[in-house]
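One chain is shown next in structure tokens, namely the form predicted alone.
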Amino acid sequence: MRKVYSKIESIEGNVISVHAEGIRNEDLAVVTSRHGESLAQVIRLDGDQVFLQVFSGGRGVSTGDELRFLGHPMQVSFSDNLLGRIFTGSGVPRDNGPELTENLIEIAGPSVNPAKRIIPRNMIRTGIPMIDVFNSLVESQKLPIFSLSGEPYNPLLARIAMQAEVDLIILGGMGLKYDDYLFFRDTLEEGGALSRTIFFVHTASDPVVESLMVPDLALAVAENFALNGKKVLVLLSDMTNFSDALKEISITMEQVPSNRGYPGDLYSQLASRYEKAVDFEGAGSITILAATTMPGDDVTHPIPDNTGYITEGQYYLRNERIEPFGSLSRLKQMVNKKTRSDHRPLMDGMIRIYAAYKESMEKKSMGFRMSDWDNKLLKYGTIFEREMMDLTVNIPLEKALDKGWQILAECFTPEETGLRSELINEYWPKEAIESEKQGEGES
């Protein structure tokens, strides 16, 4: 029987404090007031003084209300019944479905022992050329999507959720606008992907503390599915809202702030979530893609800056495209050699020529005379951006590689590409060769 405390020492915003013994950090409690019962979580211990964040807010809570500790941290049900369901940041059903109480597991456990991990070796295909061809997503990888606010990072995540070749998707939304929540739900439902998706959503109007729980709920469920042999892709949006929730709570607790007001343990808080990405020997895997909006497009901001030290590269989303410069999947070489012999050289060659196109664009904007080579580069850049970089392009990897060769053949002769002759002999479009032969015959 858990002891009931009838005196709350202080109430500051959504944080209350009591004197209690034998309490652990992150334990849950129930506050009973005249408005009903509210869930609270321990966020700080100072001797026998316990500080708790009230999920529904401190309004309506008085010092004479009762507080009962549950003796455990947040738990979530784990079973196949989760599939196709939508929950809040506290694990309560948001889809009017039944509450799940069987097989409860604790969230926010430790990361997997590195000795139990295996080297990433399998590609996750998404149908998006700028990912599959140029910065392949690798199973058990952890990658952020660095984006300006207003860029279509949520539509990008929704597309990946529908098209990624994995067993199931776990989607964690933090601080989502209600329209974004509806967009995810409706898009996945219409695309037929909701049945293999589990959605934990915290909207901007929900209690702040729930935002902190969303990644832990998503990753705890993902870990158990992975141990049961499933390939799980965890999509999180947006880690900036998660970090801002950390900041808000640390300010409430009057903790000494670090860079730009964020708590000093921001790196550890982010790392403890990202490090859950893992590939289990003989079982499944967890892969993490997390949107991170950069305030003012500042990559030195504490959130992207700390994230960059944790993850294995990043995707940059600018002008509604995944930028080839700056975007990096550090593990892509683990899988590029297993796809097609032309994958790596074609990727390198096309990006090299695209860089030359950017230089020609700069020359043109400054009023310099354009050479024939400059004009070829300008033609190439326009086609490349339209047929490869545009996020609406949706083709399998092999067709995307063929498309790359077609774009090169449309703009250049084989010798101008700088690609090896054996690759050109094997992959250069036959119709382009025939067209060149006809042109030589007529001349």
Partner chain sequence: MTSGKVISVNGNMVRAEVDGDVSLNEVAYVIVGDQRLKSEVIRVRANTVEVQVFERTRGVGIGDQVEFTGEMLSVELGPGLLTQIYDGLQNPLPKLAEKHGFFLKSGVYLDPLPRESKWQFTPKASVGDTVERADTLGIVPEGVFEHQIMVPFSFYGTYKVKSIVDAGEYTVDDTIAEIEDEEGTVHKLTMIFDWPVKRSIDAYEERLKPTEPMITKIRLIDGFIPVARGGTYCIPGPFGAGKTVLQQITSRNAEVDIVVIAACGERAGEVVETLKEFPELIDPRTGRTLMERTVIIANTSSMPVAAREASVYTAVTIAEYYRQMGLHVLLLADSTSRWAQAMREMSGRLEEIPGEEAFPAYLESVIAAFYERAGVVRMRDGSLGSVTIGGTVSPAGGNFEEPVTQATLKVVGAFHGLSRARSDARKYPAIHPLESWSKYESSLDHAKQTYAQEILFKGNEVSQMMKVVGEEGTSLNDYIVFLKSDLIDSVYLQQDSFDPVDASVSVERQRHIFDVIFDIISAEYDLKEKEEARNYFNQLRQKFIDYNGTEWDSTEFHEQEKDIRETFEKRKTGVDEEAEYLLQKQESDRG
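This is a predicted model, so every value here is computed, not measured. Here the rigid core means the biggest group of C-alpha atoms that line up within 1.5 Å when the two forms are laid on top of each other. Residue numbers count along the first chain shown, from 1.
Omitted from view is the form predicted together with its partner chain, to which the following refers.
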Check your understanding: Can residue 419 be called a contact residue for its partner chain in the predicted bound form at 4.5 Å between heavy atoms?
Key -> yes
Check your understanding: Using 4.5 Å between non-hydrogen atoms, is residue 150 touching its partner chain in the predicted bound form?
Key -> no
Check your understanding: Any chance residue 310 has a heavy atom within 4.5 Å of its partner chain in the predicted bound form?
Key -> yes
Point to revise | Contact flag, residue 379 vs its partner chain in the predicted bound form, heavy atom cut 4.5 Å | key: no
Revision key, fill the gap. Of the candidate stretches 229 to 237, 333 to 341, 193 to 201, 166 to 174, the one with residues having heavy atoms within 4.5 Å of its partner chain in the predicted bound form is 333 to 341
Review point. Each of 64, 182 and 225 near its partner chain in the predicted bound form, meaning some heavy atom within 4.5 Å?
Key: no
Revision key, fill the gap. Checking 122, 111, 88, 77 against its partner chain in the predicted bound form, the residue with a non-hydrogen atom inside 4.5 angstroms turns out to be 111
Study note, to complete from the structure: in the predicted bound form, the residue from 275, 206, 297, 248 with a non-hydrogen atom within 4.5 Å of its partner chain is 275
Review point. Are there residues in 31 to 55 with a heavy atom within 4.5 Å of its partner chain in the predicted bound form, and which are they, in order?
Key: 44, 45, 46, 47
Review point. On a core-based superposition, does residue 203 travel 2 Å or more at its Cα between the shown form and the other one?
Key: no
Practice item. Using a superposition on the rigid core, decide whether the Cα position of residue 119 changes by 2 angstroms or more between the shown form and the other one. Key: no
